[in-house]
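In the block that follows, a single chain appears as structure tokens, in the form predicted on its own.
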Amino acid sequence: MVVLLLVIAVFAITVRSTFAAVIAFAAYGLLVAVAWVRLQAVDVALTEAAIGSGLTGVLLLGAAARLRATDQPPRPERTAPGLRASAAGVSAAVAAALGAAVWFLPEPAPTLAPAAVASIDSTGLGNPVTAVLMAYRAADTLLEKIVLVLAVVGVWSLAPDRAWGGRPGTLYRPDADGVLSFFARVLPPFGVVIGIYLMWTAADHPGGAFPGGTILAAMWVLAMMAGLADAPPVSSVSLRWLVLAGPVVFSAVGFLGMAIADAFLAYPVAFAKPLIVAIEIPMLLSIAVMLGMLLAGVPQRR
């Protein structure tokens, strides 16, 4: 598998066709996800498949389609041989350093896994990964979602004055007989069920709001690219509430912890699992909406 990964990675970097490079990138992400499964890191595999291959692949396909629509192909820039050699040397040095760091790890490798498992009963959860993300380092997880909100605001802020408050991205025309329309009608029902299931089962099994929300976002973007749905205007109050719902509920539960458990984002043992699930549900919706709007792009039409 390692050889196959290297071959696909080299092909994705060196091939001149944009679409071929994107397809190779998506295939590379799926193979990396399989590798994580073989390493028994199913949560990481889900994230890699949903974000590294699925959502990023959709984003790159959209970019490739826009590049193909241009009348004149971009003129390739010539890079000096010395600069190329320097870039290759730095890349090889970084790869060698990373490889050495892994190769010379002490036996057994340092890990906090035993400590995490030993305290998992206090969270009411059965999945150690969810316990780490939502209990042990919940503040980091909350800040990640706030960063995502700021990213959405940043993209919206790039809109020209005439389009401020309007709809982002391109309005695609539906093709009733197209392959994309077929998949956009068939896949979303399954994607919605899988996304909700991944969020709901994360308490005791691999999953979570982020991979679940990513799948929901991918289904939404697929419907928009097929012309079966349109992105909402960024001035929509409902849209803005959906963007903020997850971080607001997450923060509210955190402050509640100061009153009932003596610390921000601390959960009483008896209510830990219900409170975490109460955070995950709005977070699923917020992540799906934010990722979908990020992929839709800058507001540019009314």
Partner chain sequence: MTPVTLLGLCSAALAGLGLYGMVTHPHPLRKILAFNLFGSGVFLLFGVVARRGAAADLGGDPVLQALTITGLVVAFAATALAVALLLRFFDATGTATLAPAADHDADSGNP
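Residue numbers count along the first chain shown, from 1. Keep in mind that what you see is a predicted model, and the values were worked out from it rather than measured.
Although it is not shown, the form predicted in complex with the partner chain is what the next lines describe.
is_contact(Pro128, the partner chain) in the model of the complex, heavy atom dist at most 4.5 Å: Judged by the heavy-atom cut-off of 4.5 Å, Pro128 is in contact with the partner chain in the model of the complex.
Check whether Pro189 has any heavy atom within 4.5 Å of a heavy atom of the partner chain in the model of the complex, and answer yes or no. Because no heavy atom of Pro189 falls inside 4.5 Å of the partner chain in the model of the complex, the answer is no.
Going by a heavy atom distance of 4.5 Å, is Ala278 a contact of the partner chain in the model of the complex? Ala278: no contact with the partner chain in the model of the complex.
Whether Glu144 contacts the partner chain in the model of the complex should be assessed with a 4.5 Å heavy atom distance threshold; does it? Answer yes; at least one heavy atom of Glu144 falls within 4.5 Å of the partner chain in the model of the complex.
If the cut-off is 4.5 angstroms on heavy atoms, which of these, Ile196, Ala151, Leu180, Leu228, is the one near the partner chain in the model of the complex? Only one listed residue qualifies here, and that residue is Ala151.
State yes only if every one of Gly165, Leu242 and Leu265 has a non-hydrogen atom within 4.5 Å of the partner chain in the model of the complex; otherwise state no. Zero of three within 4.5 Å in the model of the complex.
What stretch, of 196 to 204, 228 to 236, 181 to 189, 86 to 94, brings heavy atoms to within 4.5 Å of the partner chain in the model of the complex? Among the listed stretches, the partner-contacting one is 86 to 94.
Note that the partner chain is not shown here; using its position in the model of the complex, name the residues of 37 to 54 with a heavy atom within 4.5 Å of it, in sequence order. The stretch 37 to 54, when checked against the partner chain in the model of the complex, contributes Arg38, Leu39, Gln40, Ala41, Asp43, Val44, Thr47, Glu48, Ile51 at the 4.5 Å heavy-atom cut-off.
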